[in-house]
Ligand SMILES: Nc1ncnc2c1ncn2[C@@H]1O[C@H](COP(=O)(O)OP(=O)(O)OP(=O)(O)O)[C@@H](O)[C@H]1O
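What follows is a single chain, given as structure tokens, in the form predicted on its own.
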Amino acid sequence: MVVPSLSATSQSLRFSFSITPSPSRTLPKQPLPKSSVRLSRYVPLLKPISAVKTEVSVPDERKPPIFPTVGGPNVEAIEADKVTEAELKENGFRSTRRTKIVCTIGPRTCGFEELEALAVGGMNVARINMCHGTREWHRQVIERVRRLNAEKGFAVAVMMDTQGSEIHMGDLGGAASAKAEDGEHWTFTVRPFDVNFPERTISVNYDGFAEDVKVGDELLVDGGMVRFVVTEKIGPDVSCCCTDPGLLLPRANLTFWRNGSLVRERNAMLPTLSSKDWLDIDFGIAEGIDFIAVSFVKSAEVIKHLKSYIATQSTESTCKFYLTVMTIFVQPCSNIAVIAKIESIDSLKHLEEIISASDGAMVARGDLGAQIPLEQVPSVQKRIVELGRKFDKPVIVASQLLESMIEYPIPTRAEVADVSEAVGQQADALMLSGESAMGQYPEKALAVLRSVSLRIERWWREEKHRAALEPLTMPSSVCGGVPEEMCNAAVKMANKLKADALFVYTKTGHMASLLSRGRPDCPIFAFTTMPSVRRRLNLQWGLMPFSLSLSDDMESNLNRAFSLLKARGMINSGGLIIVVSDKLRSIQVINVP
């Protein structure tokens, strides 16, 4: 039974919750782990050594490096995202952006300066797509993102997207793209070409492709961006005539239709994770990425199996070693969050089970639209966003948000309306794909997502659309209980009292996630000791994650946070704050001193 109690002081109103029968009994204090190692501020740091990559290189020592410390950040400092800090100083609490942005990194944006420009523009998560590039190329991108966070004060997370086992095209012989014109004849083949591709020939990754297709079948590239009709089969080669012209991109998804229906028997037999995917996953674990997005998920079992594998690998590789001039210390490995990409008919059949088992979901509308009627995509998107909130899992809306900005400096009005709809549905994040990976205007595309998000969020708050949101209850299969009730109450209090912000002190990020689930009017300041938790929280709606050393004394934590934030101009005296703690299971209503 949950029994609330209430106490008041001259400065604050405190609500505490107990799950014991007696209201007078309090929960015992659990001390946070403390580090026995202290490091001086300007000790040069060498690169982390992992079980897979053992070479050590010395970074540029022209200026003192910033490095992680054991057990969390410096006791006297608070780490805040540079863009968040600027927004708070310039616009105040209620004008900060709540919808997060994921940017796919490609040839146009892989340099350090380009990555910094994206981070300044509002990128919260950098996505690397294992369909393209080598592992060494991806390693360099990850290292640059980590360096950007350390040197420039960002908290950009890294997401790795697996290739998956669906049928797709090859690399087009190294070409960046190829144009298929109306009436042209192209050959799709399973034969390997090491160097020279014959003209208008495309390789296919599925060995049984020539056997499965029939003359008269329609072949759709990327869900219909280009369309062919099969005219002839000669051994391993399939000759096709282009009926809808368009641009062919490397490793584009292929589907074939017969008599108006998707032919999917063979696709259903392919494994979700290929041998290449498992090698890529090992690479991601070794590099310490924050998210793995699994392509073409067919069932919850795949997600459970991968999460179990990640946990096992993290246990075996219990730490990464950092070598300094003075000492050696260890940093515990963190779990990697698993994102389920919803992009096939099989995913929709087991949608609730998949989302419940995962750590988040991505609405991959491009591939999804190739397997279901186009008119069904908007309703499926809305359902996935709602299920994400129901199960307390972040949802990313992806694919073709600003597709025209790959070539043009401004989006179409229809694209802006599409983005507005996703923001209005209160999805956690929006994702740029080709727009940021290879587009001509990646920074402008990012600026469009940011400005549209801010405007729609402000309109949503002004119009009181939160009243239309039905209160959510955790499913019985998900552990809610006291933390859920606390966070629901805190969100209601914050909205009713028009609080300036919600503060949450959390070790794992769970309480912060539950507050985000409630979609409060005010921003949520999430304080944690773990840099990895801080980065993962940067994907979730409305959360502003901070790294702060936490003590056993909650009042001391609160006073220190107020002092450090005020010193940097991020909050002002007199502001009304709702404070939630997962350690003490309490809610405080307090004015900033």
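Residue numbers here begin at 1 and follow the sequence given. Note that the rigid core is defined as the largest set of C-alphas that superpose within 1.5 Å between two forms. These figures come from a predicted structure and were not determined experimentally.
There is another form of the same protein, the form predicted together with the ligand; it is not shown, and what comes next is about it.
Does the ligand come within 4.5 Å of any heavy atom of Met160 in the predicted complex?
It does not: once the ligand is placed as it appears in the predicted complex, Met160 has no heavy atom within 4.5 Å of it.
Although the ligand is absent from this view, report whether Val338 comes within 4.5 Å of it in the predicted complex, heavy atoms only.
No, Val338 stays farther than 4.5 Å from the ligand in the predicted complex.
Residue contact check: Asp428 to the ligand in the predicted complex, 4.5 Å heavy atom
Because no heavy atom of Asp428 falls inside 4.5 Å of the ligand in the predicted complex, the answer is no.
Exercise: Ile105 in contact with the ligand in the predicted complex, heavy atom 4.5 Å:
Answer yes; at least one heavy atom of Ile105 falls within 4.5 Å of the ligand in the predicted complex.
Only one of 232-240, 137-145, 451-459, 207-215 gets a heavy atom within 4.5 Å of the ligand in the predicted complex; which is it?
After filtering at 4.5 Å, what remains is 137-145.
One residue of Leu172, Met438, Ile167, Ile78 in contact with the ligand, assessed in the predicted complex (non-hydrogen atom, 4.5 angstroms):
Looking at Leu172, Met438, Ile167, Ile78 one by one, just Met438 meets the 4.5 Å heavy-atom criterion.
So which of Ile372, Val263, Leu351, Cys131 gets a non-hydrogen atom within 4.5 Å of the ligand in the predicted complex?
Residue within 4.5 Å of the partner: Cys131.
Any residue of 357-380 that, in the predicted complex, places a heavy atom within 4.5 Å of the ligand
The stretch 357-380, when checked against the ligand in the predicted complex, contributes only Asp367 at the 4.5 Å heavy-atom cut-off.
Has the Cα of Ala86 moved 2 Å or more between this form and the one not shown, judged after a core fit?
The answer is no, as the C-alpha of Ala86 shifts between this form and the one not shown by less than 2 Å after core alignment.
If I superpose the two forms on their rigid core, does the C-alpha of Ala414 end up displaced by 2 Å or more between this form and the one not shown?
After core superposition, the displacement of the Ala414 C-alpha between this form and the one not shown stays below 2 Å, so no.
Threshold 2 Å Cα movement between this form and the one not shown at Ala176, rigid core reference
True for Ala176: a C-alpha shift of 2 Å or more.
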